[in-house]
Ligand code: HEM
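First comes one chain, alone, set out as structure tokens in the form predicted on its own.
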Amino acid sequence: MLASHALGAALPPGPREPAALQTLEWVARPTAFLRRCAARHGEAFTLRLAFDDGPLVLVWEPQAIRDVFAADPEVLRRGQSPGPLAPVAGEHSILFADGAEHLRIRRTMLPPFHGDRMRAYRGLVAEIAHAAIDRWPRGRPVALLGEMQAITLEVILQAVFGVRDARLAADIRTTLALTRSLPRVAAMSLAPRDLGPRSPWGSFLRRLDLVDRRLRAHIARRRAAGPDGEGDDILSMLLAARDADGGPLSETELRDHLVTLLAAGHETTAGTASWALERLARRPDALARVRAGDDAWLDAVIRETLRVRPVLTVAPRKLAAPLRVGDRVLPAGVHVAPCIYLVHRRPDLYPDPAAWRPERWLEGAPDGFAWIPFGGGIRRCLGAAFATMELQEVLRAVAARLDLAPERPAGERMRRRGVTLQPGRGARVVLSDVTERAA
């Protein structure tokens, strides 16, 4: 941990509780903690979290966010602010690469997430969504978060890995389930290291090792098959890619890219889809408008859901040199993060900010740095277009076939599950077939 006396004079104020208590609040009551800090300390405040090696400065004013996203990548080092994902995604992950290496990986992975290749996946997503809808029970509460996780995992397995493997899917679900227990997440955050097979991190890493072995075996089989084993999945494209020296990507690099796509594209998209359906269940008029095929409205539903219910709260980096952010200069050695949750709830940008009102997006969008669910700058999520397409197809499929009613009148609260914020009760709704209502 960096010495507080060396940095404190240059940092904005923040809560005075010990790092362990701040970490517990960050895990157990993240949105309430952020709102309290913002109310007490203003548009920039400093946190001290047990899993970081230095203070974390959060900013939520658009100009300050612009300063962070526009900064020289040699000054802002994402790889030195990995948080709890580092052991999962691996050292070759685009999430933690910087400089020329980050740009190389980005160029390697970007093509399938844009253009004709991405559009070709629309049919696959719709097919998976409709097959899932066929299995959902009608007339009693269903936790749609779990159903959305099953859909997004199947999309990744087929579109990214090129497999339909029930055993691999079960192993991934079991491994990810270890990160959804609040006490376990708190323990992993306070002691982010392997303390043996019965420790929170130890048991998780051993489960992850089982998934790794299956992924590496799948990579080896695909590589051994040569051109005859190629398909239109993303792994096929990665097998044909070249590393910085012109050779094929190593097994470890391929593994890290696949796990990154799994980690970044599974829970996040599933969470947003379940939040959107939880909100639509309370707005039959909004659901009917999606069903009618209003694409502008569908886009507004997705944008508003990502605004008021972002699944990630911050986008951290570590300073390798001093940087002016807003009206202050932050010293080297601190972590700085635009706060997605707080900027999305600024009343000066979004009147009645806590309300879910898709219509606000048909009335004119605010400044680009006021809506940042996918981050920004050169590190903006490369899968943003794919995630948006996936959300569109899933919501279209559900709206076309089902009416939704909330299990309870009150909306669900945001709860941390791993690194994401998800519906506290799992987005529980009651489903009925549209044909039944029409009859």
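Start at 1 and count along the sequence shown; that's the residue number. The model shown is predicted, which means the values in this text are computed figures rather than measured ones.
Below, we refer to the form predicted in complex with the ligand, which is not included among the displayed structures.
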### Message
L249 versus the ligand, in the predicted bound form: is there a non-hydrogen atom within 4.5 Å?
### Response
no
### Message
Check R380 for me: does it contact the ligand in the predicted bound form (non-hydrogen atoms, 4.5 angstroms)?
### Response
yes
### Task
Although the ligand is absent from this view, report whether R317 comes within 4.5 Å of it in the predicted bound form, heavy atoms only.
yes
### Message
Residue-level contact is defined here as any heavy atom of the residue lying within 4.5 Å of the ligand in the predicted bound form; does G265 satisfy this criterion?
### Response
yes
### Message
Please tell me which of A44, L391, L34, A399 lies within 4.5 Å of the ligand in the predicted bound form, judged by heavy atoms.
### Response
L391
### Query
Just one of L342, L95, A300, L157 has a heavy atom within 4.5 angstroms of the ligand in the predicted bound form, so which one?
L95
### Task
Considering the ligand in the predicted bound form, find the one stretch among 122 to 130, 238 to 246, 305 to 313, 204 to 212 with heavy atoms no farther than 4.5 Å from it.
305 to 313
### Task
Select from 364 to 378 the residues with a non-hydrogen atom within 4.5 Å of the ligand in the predicted bound form and write them out in sequence order.
P373, F374, G375, G376, I378
